[in-house]
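Take a look at this single chain, the form predicted alone, given in structure tokens.
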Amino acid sequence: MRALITGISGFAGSHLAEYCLNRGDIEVFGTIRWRSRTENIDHIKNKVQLMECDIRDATSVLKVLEKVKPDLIFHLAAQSFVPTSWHAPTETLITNIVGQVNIFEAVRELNLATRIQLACSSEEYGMVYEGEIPIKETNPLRPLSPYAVSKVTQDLLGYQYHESYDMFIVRTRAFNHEGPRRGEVFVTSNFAKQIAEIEKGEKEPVIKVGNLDAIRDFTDVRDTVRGYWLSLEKCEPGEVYNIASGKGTKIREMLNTLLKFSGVDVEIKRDPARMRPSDVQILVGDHSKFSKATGWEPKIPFEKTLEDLLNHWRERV
């Protein structure tokens, strides 16, 4: 089988590529942009086939799909950092929405019988009210950022293309997934990097933070990408599935766990630049629909995820 991973050099993309390669029965292709940083996949570059592609360009996408003719597409490429979407809303919307439409239209034009997984997001739920936790797939979508709006649109386009053209599309709404190689702008990785810098004496013992009271549902990325694979193997096309741990953790608790692995003495300092215009206060998912369809359960404890992430930064600082 041929699997095409858009955004293969990204955090989740690199772990998904590893998962596919470890299966032993998958030929792995991945899209990168000409300016993509590829350190996440340096260790597997000789095992995957990289295709230069800007998903915002329909011709570029068509050429890649015409060459690869994938059996499976895992669509992970996106502008995925919520704060950036406040500063660059147009770029976020164009990259995430137009990029996906280009993939759909190329599959249609080439008449490919490709199974497509869409990496949607728990951010789509946005404003969640008391009594709605844990969040089911049927919960109303009340997005609170341009990024979340782009993901809602991707999600609904996936439904529409399935209904309109009978395309095999599965939508997965992954909650926060963390682990080694997580981009340093994301909260778990940012804290881990700051701690590693303090340990090495490269930074004063002050950790800058944003909203520590927000509650998130954390899953190890290695469990999440296993879920991505299972979604195309066992889930119903046209349906949407939460991939989550089902447990809520305050950002403050996550930071304390990282500090426990270090033992450094630090001052916690609130940084106004890290606060969002509107923040999602709580996201905890119900993954029972996905687990019933696939047998998936999270296997890696969150403490192990954070320990691996901190060690990742210790090797790089």
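One rule holds for the numbers: they count along the sequence shown, beginning at 1. Given the structure is predicted, the values throughout are model-derived calculations rather than measurements.
Separately, the form predicted together with a small molecule exists; it is not shown, and the next lines address it.
In the predicted bound form, the small molecule sits within 4.5 Å of a heavy atom of Val82. The closest heavy atom approach of Val107 to the small molecule in the predicted bound form falls outside 4.5 Å. Mapping the unseen interface onto this chain, Lys69 falls outside it, with no heavy atom inside 4.5 Å of the small molecule in the predicted bound form. Proximity of Tyr159 to the small molecule in the predicted bound form: non-hydrogen atoms within 4.5 Å are absent; the residue sits far from the partner.
Taken together, Val170, Cys235 and Ala293 are entirely out of contact with the small molecule in the predicted bound form: none brings a heavy atom within 4.5 Å. Though the small molecule is absent from this view, in the predicted bound form it lies within 4.5 Å of a heavy atom of just one residue from Ser122, Asn102, Ser245, Thr92, which is Ser122.
Site annotation in the predicted bound form: the residue of Lys208, Arg181, Arg226, Lys203 reaching within 4.5 Å of the small molecule with a heavy atom is Lys208. Partner contact region in the predicted bound form: 182 to 190, out of 107 to 115, 69 to 77, 127 to 135, 182 to 190, criterion any non-hydrogen atom within 4.5 Å of the small molecule.
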